[in-house]
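Given next, in structure tokens, is a single chain: the form predicted alone.
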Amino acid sequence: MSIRNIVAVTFFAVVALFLIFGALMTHPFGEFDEDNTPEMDQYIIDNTQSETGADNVVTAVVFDYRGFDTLGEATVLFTAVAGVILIFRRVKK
């Protein structure tokens, strides 16, 4: 087995461990509190104005509570567009 294959297998093993660990640490979905409202939804509705200063709850969720997720999505989109441009560009001779 070459060094390149060992590095690739090690990399994919580490990524797989992170994915498994992340799946195991995820909070269960659909937990409701006493007034039959999803727990996190009610927390965000009650605390958005005081924690983020935003008047719009959707904006607060996208840019404040899930800011790193939004940054990751933008990075993936940019990388995909750059890849498509590189594939379809014309090579000058």
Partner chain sequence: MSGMSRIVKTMASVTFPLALIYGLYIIAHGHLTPGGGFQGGAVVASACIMILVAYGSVWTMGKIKEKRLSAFESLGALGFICLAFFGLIFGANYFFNNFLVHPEGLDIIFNGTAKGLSNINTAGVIPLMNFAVGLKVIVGLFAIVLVMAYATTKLKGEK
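Residue numbers count along the first chain shown, from 1. If you're wondering where the values come from, they're calculated on a predicted model, not measured in any experiment. Each form is matched to the other, and the largest set of C-alpha atoms that superpose within 1.5 Å is called the rigid core.
Unshown form predicted in complex with the partner chain; subsequent notes refer to it.
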Item to check | residue 43, heavy atom within 4.5 angstroms of the partner chain in the model of the complex | outcome: no
Checklist entry - Would residue 56 count as touching the partner chain in the model of the complex under a 4.5 Å heavy atom rule? => result yes
Next on the checklist: Taking the partner chain as it sits in the model of the complex, is residue 74 near enough to touch it, meaning that at least one heavy atom pair lies within 4.5 angstroms?
Outcome noted: yes
Item to check | Residue contact check: residue 12 to the partner chain in the model of the complex, 4.5 Å heavy atom | outcome: no
Checklist entry - Across 47-64, which residues bring a heavy atom to within 4.5 Å of the partner chain in the model of the complex? => result 49, 50, 51, 52, 53, 54, 55, 56, 59, 60, 63, 64
Checklist entry - With both forms fit on the core, is the shift of the CA atom of residue 53 between the shown form and the other one 2 Å or larger? => result yes
